[in-house]
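Before any questions on binding or motion, here is one chain by itself as structure tokens, the form predicted on its own.
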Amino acid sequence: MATPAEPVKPGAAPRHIRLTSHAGGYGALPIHWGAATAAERGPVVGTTTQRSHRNVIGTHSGSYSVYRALAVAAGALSRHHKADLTNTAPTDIIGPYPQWSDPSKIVSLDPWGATVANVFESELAAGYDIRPTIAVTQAHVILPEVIEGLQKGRLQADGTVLTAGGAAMVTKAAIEPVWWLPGVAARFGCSENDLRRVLFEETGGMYPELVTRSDLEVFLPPIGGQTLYIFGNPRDLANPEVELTARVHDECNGSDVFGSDICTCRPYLTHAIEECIQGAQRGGVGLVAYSRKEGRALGEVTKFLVYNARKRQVGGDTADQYFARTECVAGVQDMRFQELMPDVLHWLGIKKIHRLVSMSNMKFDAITQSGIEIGTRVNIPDELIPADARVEMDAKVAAGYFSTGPVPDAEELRKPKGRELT
């Protein structure tokens, strides 16, 4: 059993705090975003151990960096630990693709993040603490809806994509956010200076380098990342001749995990997985890109407050007030802002999505405006919409979401459809 690191003792003499408000030290490797090769681009170094090597703002692991800090403070983790990357290489090779060297296509992730142990081997040997920001592995995904699909004949086992026991065989990738600030600012139509200042101010001054270190253009934000689930051969994603079925899904813990019926998130997600399985069995490839943007990136607390406001308002939970109640609590209807979402599709080399399992115009517009062609759009079947989620669905369709069915009129939107809290 490993000996725990020495904890930080209360009352101990304070150590010197090293600020990073100004350039200094030596040995930091440059980053040339959008370079044609990893060697030319340079590694992303967010280490806290050898601060002179740092060439980014923030640190690795996104929001989990705070847990790392707790582990160090508690003495469970040595602050000098470096990851042993032996046998951690990706199970499937993704890229490189032309989009990787196009700074207009990828600004929110490191396209070389899965291969640092290989492409930066000499830098690692020289003592640079370079960590992967992408990991690619293989897994079996088992869902009760897929098993039901087998039992009812909607799905067929083939032993390659879907086993007789209902396990879908997938390649999956975990991706941490890596923001190239000039590119992020351009996506949102603001200046880089304004972006840096607002990020600094709205995080309570958490990262002073945002306003003091204009020489550092890469930021590792403390936010959730995303996970990809690929059905079929990952290399086929980049081939526009191979049918691609895809869903881009934003996290909804209450529905996705616990089956809450106030929204359509889980049924739409599982429907998309069935579509991906069937697409892969036809000789195509399927993709589910799952982003951690809980509650429209407003958070679960805000989301639950909105639920209460909807259920308690005069007249009951009606579709005509669906978006208004969110805006009253949060100040905005939606903060997911899909401008950065297509980056992961470009990382996969995607040029065409033949079947997009989504009704969201924000997602559709972001994907197509980034240069990716979309063929057919697939909406959720009516029979999969939970009764209490009818409010959400009617409100979205009336607001212009894609649908093949009728659009509810103003009178229909005012009719109570949601359950009361009791």
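Numbers follow the displayed sequence, beginning with 1. Since we're looking at a predicted model, the values are computed, not measured.
The discussion below concerns the form predicted in complex with a further copy of the same chain, not included here.
Using a 4.5 angstroms threshold between heavy atoms, D110 stays clear of a further copy of the same chain in the predicted bound form. Proximity of D102 to a further copy of the same chain in the predicted bound form falls outside the 4.5 Å heavy atom cutoff. At the 4.5 Å threshold, heavy atoms of T133 reach a further copy of the same chain in the predicted bound form. Heavy atoms of R282 never reach within 4.5 Å of a further copy of the same chain in the predicted bound form, leaving it off the interface. With the partner omitted from this view, the residue of N233, N239, Q156, T212 that lies near a further copy of the same chain in the predicted bound form is T212 [heavy atom within 4.5 Å].
Here is the short version: of G349, G254, G149, G183, the single residue with a heavy atom within 4.5 Å of a further copy of the same chain in the predicted bound form is G254.
Here the chain stands alone, but in the predicted bound form its contact with a further copy of the same chain, taken as any heavy atom within 4.5 Å, falls in 266 to 274 among 94 to 102, 266 to 274, 341 to 349, 119 to 127. Site residues T37, L244 and Q369 are none of them in contact with a further copy of the same chain in the predicted bound form, judged by any heavy atom within 4.5 Å. Although a further copy of the same chain is not shown here, in the predicted bound form the stretch 318 to 335 places heavy atoms of E327, C328, V329, A330, G331, V332, M335 within 4.5 Å of it, in sequence order.
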